[in-house]
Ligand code: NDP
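This document starts with one chain, in the form predicted alone, laid out as structure tokens.
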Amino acid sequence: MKKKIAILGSTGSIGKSLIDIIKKDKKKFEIVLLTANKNYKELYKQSKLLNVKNLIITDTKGYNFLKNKSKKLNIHSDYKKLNKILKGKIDYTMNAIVGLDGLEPTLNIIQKTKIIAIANKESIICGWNLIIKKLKKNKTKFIPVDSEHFSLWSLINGQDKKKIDKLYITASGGPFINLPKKKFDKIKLSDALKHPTWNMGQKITIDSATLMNKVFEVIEAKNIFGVPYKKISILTHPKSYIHAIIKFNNGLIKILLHDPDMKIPIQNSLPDIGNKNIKTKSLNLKILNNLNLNTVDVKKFPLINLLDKLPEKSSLYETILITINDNLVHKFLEKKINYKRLIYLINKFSKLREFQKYKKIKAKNVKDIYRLRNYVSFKMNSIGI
């Protein structure tokens, strides 16, 4: 029997990678739902390729286009129709929606799927306490898809977290890992977008250049695996070959490595074909003999110090941090601020006194998170950049 699958955010890089995998095994899967924000042309193309009848497009222009394009398709403009679209529990859902907009769809679809694979880090960072509650209630299996967290998840493999002595996640260091600190004042947008090992969207590429992505990944790891911040460390590893290391209390150290290709964790998260052979390069002994693992140079990447100020318990402050970074990275991408000011402003806004109280406040529902996101954006605009 075919496995029924939904892909939220199917027109992004993760969604496209999953579709590339699935179209090679069409006999094993039935795609019951594809969703996008604005890229209606790509969404329509995917629906034809995989014969998908149910589509969600949240952009008004895209919704109107698809609604007029074909009467054979079931077009919806939001995720409130999931109960109508999905009659029973499907086998697998990939949430690859970008940004905090992916949180509400995550919460809505958990009750409709046996497995949810999440590539939307904002959901895990800001709404983990809401997600874990839904997962337990609906007995839904969760798989993280980020290469680092999938690697940790694979290595832990259900073991008691009390047996973990230390978790290590790796960072390529982005384009500036070998750039002298004295040259950071001259960094241009085009320089920050030249990632040496990964091919990603612009937003995450900038986060990789500042290492803000690793701040977020440490928060994710703390939430997912239930270990304190003091047990999680970041190691720079320019070749992006090793993705996670775990040191256990019994003295064993496990390392997981693979080529820097997101199709590997994505395929291994899928039911039935996870263990299917994937064409990859031979073991790279040259890299293994020169791993070049180091602690982070916080003088070059000072945003890592934000981790020292985070509360151990999940709070609304993580939503503030996500929102600050999102707003300022977009300003950088629009060339309204330079790289040096990007770093300065992230630090400045994260330390605002009125934001500190949220470190002691837990999100009760998704509205709390979205309301705070809007307020922080308003506050930043009122202060000015």
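In this text the structure is predicted, and so the values were computed from the model without any measurement. Residues carry their position along the shown sequence, with the first being 1.
Not pictured, yet referred to below: the form predicted together with this ligand.
A heavy atom within 4.5 Å of this ligand in the predicted complex is found for one listed residue only; from 302, 226, 311, 201, this is 201. Distance criterion of 4.5 Å from any heavy atom to this ligand in the predicted complex singles out 79 from the list 153, 142, 241, 79. The stretch that touches this ligand in the predicted complex, counting heavy atoms within 4.5 Å, is 34-42, out of 34-42, 352-360, 332-340, 61-69. Heavy atoms of residue 86 never reach within 4.5 Å of this ligand in the predicted complex, leaving it off the interface. At least one heavy atom of residue 98 is located within 4.5 Å of this ligand in the predicted complex.
Not displayed here, this ligand is kept clear of residue 90 by more than 4.5 Å at the level of heavy atoms in the predicted complex.
Heavy atoms of residue 115 never reach within 4.5 Å of this ligand in the predicted complex, leaving it off the interface.
Contacts between stretch 111-128 and this ligand, counted in the predicted complex as any heavy atom lying within 4.5 Å, involve 119, 120, 121, 122, listed in sequence order.
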